[in-house]
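Form predicted alone, single chain, as structure tokens, below.
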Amino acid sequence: MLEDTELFKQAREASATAYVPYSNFPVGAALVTKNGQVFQGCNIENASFGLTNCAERTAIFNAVSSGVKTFEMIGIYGETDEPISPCGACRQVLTEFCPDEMPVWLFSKTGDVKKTTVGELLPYHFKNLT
């Protein structure tokens, strides 16, 4: 299992590839699989703001499109003074692919960290019924 310092490094590294010409607000995510593989994601903006994709969803979609659907933890990094939290859409996508008890590490640019879980981020979420 990756330690939180390595997870911080991976998530911060992912933020460096963000495409953020409108907000100038890079975010990075590092999604760790059950076998220790890391899938990174960054936010990717679009002039039509509704088509923007967040770092967390980019990481999950990257993993799923590579055939991986079992995850151990995710770290999310933002250029913020306090640990950054995922948006509602990202929380719902996390619940689709990750167990409620999966750790979610939220990081700030100063290295502050908040540890939570998928279930704590979005209680009473829609469940996959299949």
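Bear in mind the structure is a predicted one, so any value in this text is a computation, not a measurement. Counting begins at 1, following the sequence as shown.
Omitted from view is the form predicted together with a small molecule, to which the following refers.
Undergrad: I need the one stretch from 95 to 103, 66 to 74, 82 to 90, 32 to 40 whose residues put non-hydrogen atoms within 4.5 angstroms of the small molecule in the predicted bound form.
TA: So the stretch in question is 82 to 90.
Undergrad: Answer with yes or no whether residue 110 is in contact with the small molecule in the predicted bound form, where contact means some heavy atom within 4.5 Å.
TA: Taking the distances in the predicted bound form, the answer for residue 110 is no, it never comes within 4.5 Å of the small molecule.
Undergrad: Taking 4.5 angstroms as the cut-off for heavy atoms, does residue 52 touch the small molecule in the predicted bound form?
TA: Yes, residue 52 sits close enough to the small molecule in the predicted bound form that at least one of its heavy atoms falls within 4.5 Å.
Undergrad: Would you please decide whether residue 27 lies within 4.5 angstroms of the small molecule in the predicted bound form, comparing each non-hydrogen atom pair?
TA: Yes.
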